[in-house]
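Only one chain is shown below, in structure tokens, and it's the form predicted on its own.
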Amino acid sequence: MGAGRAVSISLDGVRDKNLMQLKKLNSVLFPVRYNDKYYADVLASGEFTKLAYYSDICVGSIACRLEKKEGGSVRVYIMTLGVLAPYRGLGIGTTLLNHVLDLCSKQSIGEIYLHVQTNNEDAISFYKKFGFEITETIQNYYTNITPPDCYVVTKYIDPPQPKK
């Protein structure tokens, strides 16, 4: 990258016509295969799922699911957030996560959470920078990967304050 040359990071929604890009990314990024329900949730989540492009190359994604809680409130579950290894550290994951955090704030969604494999220190420290905390440990959450345990990592978002 030449000095002074700004490289743009752009986000795009996931639709039927670009769903294969998400499938390809996931097959490279994650040690698990996602089923049809995952991809149905992706298409249903609207603005909460994005592909990230770095200089017009698809290099990352965030996929969320909106869940109704008892009492009618909604929380967001981050199913996947990943960036291809050569493109990490360039602000792409931050751009993706900030996009979803901004949506949560605008829509008064007070909770966002995800599961992280207990040995994934890079992911844990990434989320902690954004105010996420480990709220639970689940033994044997994953099948076919080691370690099988995960943390539930949660961020509670303050509702927007009314303007005075």
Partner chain sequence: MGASLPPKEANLFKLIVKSYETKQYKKGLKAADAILKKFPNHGETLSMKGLTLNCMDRKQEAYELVRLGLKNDLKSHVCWHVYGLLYRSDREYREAIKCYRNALRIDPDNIEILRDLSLLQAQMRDLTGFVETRQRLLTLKPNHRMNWIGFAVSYHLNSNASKAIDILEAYEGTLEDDYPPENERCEHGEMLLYKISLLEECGFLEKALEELRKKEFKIVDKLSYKEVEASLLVKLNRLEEGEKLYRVLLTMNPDNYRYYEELQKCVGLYSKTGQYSSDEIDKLHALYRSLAEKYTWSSAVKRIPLDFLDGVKFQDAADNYIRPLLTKGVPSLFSDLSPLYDHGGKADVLEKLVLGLEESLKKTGGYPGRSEKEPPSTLLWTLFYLAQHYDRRAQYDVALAKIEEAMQHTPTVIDLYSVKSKILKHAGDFTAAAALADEARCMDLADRYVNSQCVKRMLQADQVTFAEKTAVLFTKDGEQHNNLHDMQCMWYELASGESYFRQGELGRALKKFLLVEKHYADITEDQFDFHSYCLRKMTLRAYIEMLRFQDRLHAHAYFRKAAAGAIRCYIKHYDSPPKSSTEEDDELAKLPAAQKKKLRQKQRKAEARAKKEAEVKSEEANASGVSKQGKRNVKTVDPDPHGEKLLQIEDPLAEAGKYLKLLQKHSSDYLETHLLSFEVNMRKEKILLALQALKHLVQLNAENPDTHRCLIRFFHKVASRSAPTTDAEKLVSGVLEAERPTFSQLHDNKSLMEANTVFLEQHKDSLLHRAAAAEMIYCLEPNKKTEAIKLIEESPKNSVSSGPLGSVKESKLKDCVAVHKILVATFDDRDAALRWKNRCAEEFPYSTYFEGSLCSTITSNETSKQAHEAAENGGIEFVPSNGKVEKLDAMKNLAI
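For clarity, every value in this text was computed on a predicted model and none was experimentally measured. Numbering follows the first chain given and starts at 1.
The same protein also has a form predicted together with the partner chain, omitted here; what follows describes it.
For the options Ser108, Asn98, Ser55, Thr137, the one in contact with the partner chain in the model of the complex, meaning a heavy atom within 4.5 Å, is Ser55. Contact between Asp12 and the partner chain in the model of the complex is not found at the 4.5 Å heavy atom cutoff. With a 4.5 Å cutoff on heavy atoms, Thr154 does not count as touching the partner chain in the model of the complex; it lies far away. Although the partner is absent here, Val32 sits close enough that one of its heavy atoms falls within 4.5 Å of the partner chain in the model of the complex. In the model of the complex, no heavy atom of Val76 sits within 4.5 Å of the partner chain. Annotation for 117 to 139: interface residues with the partner chain in the model of the complex are Gln117, Asn120, Ala123, Phe126, Tyr127 [heavy atom within 4.5 Å].
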